[in-house]
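Heads up, the chain shows up twice below as structure tokens, two forms, tagged structure 1 and structure 2.
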Structure 1
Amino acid sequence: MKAEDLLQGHIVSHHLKITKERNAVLRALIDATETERHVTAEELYQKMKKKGSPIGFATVYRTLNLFCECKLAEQRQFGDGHARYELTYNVGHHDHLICTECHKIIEFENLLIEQQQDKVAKKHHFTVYSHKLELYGLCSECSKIQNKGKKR
């Protein structure tokens, strides 16, 4: 089942409507997945403007919220005041390494960590539905640059 189908199913079952705007946002989000992956509403807005399918800002936000509701996408806050959206459908869970210098984002998975999280949750009698793990620091390149600066 493709992302498009999940969206269509959700739309049909909730008596919503398929529109060219919703399709366009989904396509833009899928495109973004190939490259940056974590996109802001503004970035999507600009992308679609350039691509010749201009769309209102409000519609971008409304559409992204719709996507989040049907679990097609997830919203994340990396702390710069801009919400970022990420396609999650058919993508395994993963966490993030974030370079505070060049803003590069690397994804990773670690089973052992997930297992420990379950243990912690159980210990506190929590029913955990989701989690976020973010490591902030310098990527390999930015570490090098930093070190150069420090020598003498």
Structure 2
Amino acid sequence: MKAEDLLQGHIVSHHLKITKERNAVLRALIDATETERHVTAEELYQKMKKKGSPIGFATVYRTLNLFCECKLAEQRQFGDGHARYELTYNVGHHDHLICTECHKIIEFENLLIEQQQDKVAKKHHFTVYSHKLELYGLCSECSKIQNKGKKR
């Protein structure tokens, strides 16, 4: 099933309208996340505006929330005060490293971490439906800058 089909199924099942604006926001989100993976509603709106789209910010914002409802996307908070949207359709589970200085977001997968989480859940007779692992610190570039400042 394609992302467009998933969205249309959700819209129809909730008696909403399929609109060209919703499809345009979906295409823009797919395009944006190919390079950036995590975009704010404002960033997506600006990208669409640059390409000549007449769609307003409120429509982009509401549509992104609709995508979250139908599990096409997920809203994430990475500690910088901005809600970011990540396309989750056809994307495998991954976790994040977040630089607290430059706000770079690095995605990673680690089977050992996943196995350890499963062991902990099993030990506590806990059923896990989902999880989010976010590690905050400094990326290599920001660490180098910080270390240069300390040597002076």
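The first residue in the sequence of structure 1 is number 1, and each one after it adds one. Note that the structure is predicted; figures quoted are calculated from it, not measured. Note that the rigid core is defined as the largest set of C-alphas that superpose within 1.5 Å between two forms.
Only structure 2 is derived from the form predicted alone. Comparing the forms between the two structures, the C-alpha position of residue 99 differs by less than 2 angstroms, with the core used for superposition. In the core-superposed comparison between the two structures, the C-alpha atom of residue 139 has shifted by less than 2 angstroms. Remark: with the core as the superposition reference, the CA shift of residue 121 between the two structures reaches 2 Å or more. Overlaying the rigid core between the two structures leaves the Cα of residue 16 displaced by 2.8 angstrom.
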